[in-house]
Every structure is written in C-alpha cells, then in structure tokens.
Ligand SMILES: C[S@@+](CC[C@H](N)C(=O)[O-])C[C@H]1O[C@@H](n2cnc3c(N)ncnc32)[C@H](O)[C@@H]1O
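We begin with a single chain expressed as structure tokens, specifically the form predicted on its own.
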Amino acid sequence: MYAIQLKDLNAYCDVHSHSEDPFLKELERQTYLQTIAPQMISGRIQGRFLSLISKLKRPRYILEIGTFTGYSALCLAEGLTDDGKLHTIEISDDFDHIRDQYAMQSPVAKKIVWHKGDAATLIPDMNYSWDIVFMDAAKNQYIAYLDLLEKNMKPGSLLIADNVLWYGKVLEEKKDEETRILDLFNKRLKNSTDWDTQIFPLRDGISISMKK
C-alpha cells in the first residue's frame, strides 16, 4: 500500500517545498532531452538537498568531482559566501554544449570555475582548504579521491558522496569492481576516527561525512 502512495507523497513534498530556480528546471529538461543517461543528473529533490546543506554551511570553497551538465554545481553554489568559489571537474566533453547554453544563464554561474580533465590529476594542484567536497564521478575512483582530499579538508568540512548504494548492489555477496570500491569506501568512512558519517537512502544513496 505504501508503494502505491509513494508517488502521491512525492507530489505532496513538491507542493509543500520551495521550488528550484527556473534556470535549473530548464537545465534538467534539456538534460533529459539531449543526453542518453539523464538519470546522472542530481534532479530537483537531491538538488534542493545539496542547496540547503550549502546554505547551512556557507562555504567559501567547494570542490565537485563530476560536473555532468552542471545541475548540482549550480545547486551547491547557491550557498557560497560572497567571495566564495566552486571548482567543478568533468573529464568528458559530451555535455559542454548543454552546460554552456543553459547552466551559464544562472546568476550563480559566475561563482563556478569549470575544469576539464582527470580529477586525480587536477586535484593535487588545487591548493584550497575545501569546506565542501561533492563526489559524483567514477565510482571506482572514490577511494583514490578520498586519499587525495583528506589532507585538504579541515575539521567541520563536509564530504558528500553520491551513488553510495549503487542500485542496491552493495548488498550483493558477489560484487563487481565498482560496487566493491564503493562498499570499501563506505566502510572506510564508517570505521575512520577522522570522519562522522551518515548514509541517507535518497535516490541511489548519498552519504554526508563531517571531518572531525
């Protein structure tokens, strides 16, 4: 019975929550029209979640790994301080035309620095103390990213990781390589004395870890 009501409950949540910026609505629509894997976009619910976290934190420096069409970057940038910057890294050129045409129309786009290349190569040259890091790129690189980032995250900074449940495959006994890495990543954060971690079953699983 609850499954039948879930659609109505989601609609209720939409009606009783503040809406996203019109630029984000159009960016999401174009992502679904123009890409073959539009499910990679954060979307309205997760986007508002990221925006609220950023507004509560009021970060000066945010790092995003995995830009896609720029939706989550715009959401996170909403909470930046007046002099704040969000650096986002994307390895693929396939989505640049969507980002350039739609994401760049947002008023917060001027606070975003768009990087192109391999995050593992670019991160070591970014000498910032990150207030928020959002991981949403190659899942088999999550632990490698964590190794690169931990030293540049001070107490109180937030690490947000998307897709940490990986379509429920983290529960399977026999795991493929991506799932195995994600499971190890989740276990490492849980068992570390350096992090306070909570996984939320939002969409495909999102974890929030605070550096101690």
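Just count from 1 along the sequence shown to find any residue number. All values reported here derive from a predicted model rather than from experimental measurement.
The discussion below concerns the form predicted together with the named molecule, not included here.
Task: Position in contact with the named molecule when the complex is considered in the predicted complex, options Val133, Leu80, Ile89, Ile112, heavy atoms within 4.5 Å - done: Here the answer is residue option Ile89.
Task: Candidate site Leu146, Phe185 and Asp204: all three near the named molecule in the predicted complex by heavy atom within 4.5 Å - done: No, because Leu146, Phe185 and Asp204 lack any heavy atom that approaches the named molecule to within 4.5 Å in the predicted complex.
- [ ] From the candidate stretches 53 to 61, 169 to 177, 35 to 43, 146 to 154, select the single one in contact with the named molecule in the predicted complex, where contact means a heavy atom within 4.5 Å.
- [x] Selected range: 35 to 43.
- [ ] Indicate whether the named molecule has at least one heavy atom within 4.5 Å of a heavy atom of Ala103 in the predicted complex.
- [x] Residue-level check for Ala103: no, no contact with the named molecule.
TODO: Could you confirm whether Ile98 comes within 4.5 Å of the named molecule in the predicted complex, counting heavy atoms only?
DONE: Contact with the named molecule, no.
Task: the named molecule contact at Ala138 in the predicted complex, heavy atom, 4.5 Å - done: Ala138 belongs to the contact set for the named molecule.
TODO: Could you confirm whether Gly117 comes within 4.5 Å of the named molecule in the predicted complex, counting heavy atoms only?
DONE: Result yes; Gly117 sits at the interface with the named molecule in the predicted complex.
Open item on the list: Where, within 46 to 82, is there a heavy atom within 4.5 Å of the named molecule in the predicted complex? Residue list please.
Closed with: Going through 46 to 82 in order - heavy atoms within 4.5 Å of the named molecule in the predicted complex - the hits are Glu64, Gly66, Thr67, Phe68, Tyr71, Ser72.
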